[in-house]
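For reference, the chain that follows is the form predicted alone, supplied as structure tokens.
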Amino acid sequence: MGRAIIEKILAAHAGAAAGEVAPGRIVWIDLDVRSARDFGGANVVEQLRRAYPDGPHLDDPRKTFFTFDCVVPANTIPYANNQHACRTFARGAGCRVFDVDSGIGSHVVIEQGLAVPGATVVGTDSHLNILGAVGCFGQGMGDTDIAFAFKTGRTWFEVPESVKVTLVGRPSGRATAKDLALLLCGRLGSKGLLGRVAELYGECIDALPLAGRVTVCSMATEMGAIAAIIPPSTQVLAFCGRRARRPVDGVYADPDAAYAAAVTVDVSELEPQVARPGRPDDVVPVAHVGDVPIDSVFLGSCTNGRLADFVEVARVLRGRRVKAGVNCSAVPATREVYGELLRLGVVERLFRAGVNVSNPGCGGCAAGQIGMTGKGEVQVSTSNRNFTGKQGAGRTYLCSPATAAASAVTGRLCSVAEVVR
């Protein structure tokens, strides 16, 4: 019997136990990257210092990283303390810090060539499974588990079952990768992939550029999945090879791989989608929502913070302005993205349209950052979660960058078709 993608990745990192890799079995695996972000990083440091007062002696400092992205730069004393504790530890341990100017850690490790197809990456980020966008296994874990990974370079996993998800049909020309992600979340629900890994297939998946793959995989957590993995295309392999400065190969399922389930989702003529406040899986077409006046717009997050996302926003806003009374903010995912936005003049176009452009980071997904809502405020957001209180005390609708930009212009939730004819 053949193996699914996650089984092959885990087997390649299980050493002598490779033959034991099968759904439901627990195996110890070697980790290519071990990371901790500013949220949780200080706890990792404290646990290591308590356990090893004479020095933690990390398994491999070259594979160990801190990524600061939640509250950057620190705007509270606790976060300033946490970040400096990580910096101080890193200096002594000889590991690298991607500091407050770097951006979202899951994106940074892709840009830096650390997360490549077939690799294993862990960190204190619940959306680290976004790395499935490049055919890599990324997994968020608790502080204690990450401290152990820093020290030993290993961890254990219960091998998950795999689900084959095939998208059939062609979406409409106005549908984006975010609309695909929202549709999947709506169709599969918050528990539809619980504890499983989804492999995503289909013509529309194959055609997605890297930014679109990031968007789709970033919402695997909202479907209960351990990860969603897209088999890497030749373009993705070429990108990862350039960033890693070495040839990389993809990991693909065997033709006779066994799946716990096979799901087919029809995306024919898919139109722009929106998730209504409170649940990422409460998804309907934008056209079905009705008249919803909005107060604010958030553009960014690990789901839609790439260059292509902001270029699309600038296209919708061309010759237009954010409606008076609507607060619209944009937060690039990384410093690299921000630099490209500056080089291409996109920041200036957004500024002239009335958008507040901030430094790279997570933005509104972290309390106290740009994108928070006040009581009674209605927001449209390109992030991946809209649970009550997640982005403040208001009500958040999840949508694509194009829908968000169009809504910023009209002052009410609407699709781009109402703004760009």
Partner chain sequence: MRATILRGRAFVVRDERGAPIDDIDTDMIFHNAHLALTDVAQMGRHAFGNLPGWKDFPQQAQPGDILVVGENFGCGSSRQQAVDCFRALRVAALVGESFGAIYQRNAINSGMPLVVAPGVVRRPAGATGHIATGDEIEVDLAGGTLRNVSRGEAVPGAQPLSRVQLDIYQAGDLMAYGATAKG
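Residue numbers count along the first chain shown, from 1. What you see is a predicted model; the values in this text were computed from it and never measured.
There is another form of the same protein, the form predicted in complex with the partner chain; it is not shown, and what comes next is about it.
> In terms of non-hydrogen atoms within 4.5 angstroms, which of the given stretches 263 to 271, 166 to 174, 228 to 236, 150 to 158 touches the partner chain in the predicted complex?
It is the stretch 150 to 158.
> I'd like to know whether residue 53 contacts the partner chain in the predicted complex, with contact meaning heavy atoms within 4.5 angstroms.
It does not: once the partner chain is placed as it appears in the predicted complex, residue 53 has no heavy atom within 4.5 Å of it.
> So in the predicted complex, is the partner chain close enough to residue 125 to count as touching (4.5 Å, heavy atoms)?
Residue 125: yes, in contact with the partner chain in the predicted complex.
> Though only this chain appears here, would residue 91 touch the partner chain in the predicted complex if you measure heavy atom gaps against 4.5 Å?
It does not: once the partner chain is placed as it appears in the predicted complex, residue 91 has no heavy atom within 4.5 Å of it.
> Closest heavy atom of residue 190 to the partner chain in the predicted complex, within 4.5 Å or not?
Flag for residue 190 set to yes.
> The partner chain isn't shown here, but in the predicted complex which of 140, 186, 212, 118 has a heavy atom within 4.5 Å of it?
Comparing distances to the partner chain in the predicted complex, the residue within 4.5 Å is 140.
> So which of 48, 33, 353, 370 reaches within 4.5 angstroms of the partner chain in the predicted complex, heavy atom to heavy atom?
It is 48 that has a heavy atom within 4.5 Å of the partner.
> Would you confirm whether the three residues 324, 338 and 397 all fall within 4.5 Å of the partner chain in the predicted complex, going by non-hydrogen atoms?
Not a single residue of the candidate spot has a heavy atom within 4.5 Å of the partner chain in the predicted complex.
> Need the contact residues for 266 to 281: heavy atom within 4.5 Å of the partner chain in the predicted complex, sequence order, or none if there are none.
Residue within 4.5 Å: 279, and no other.
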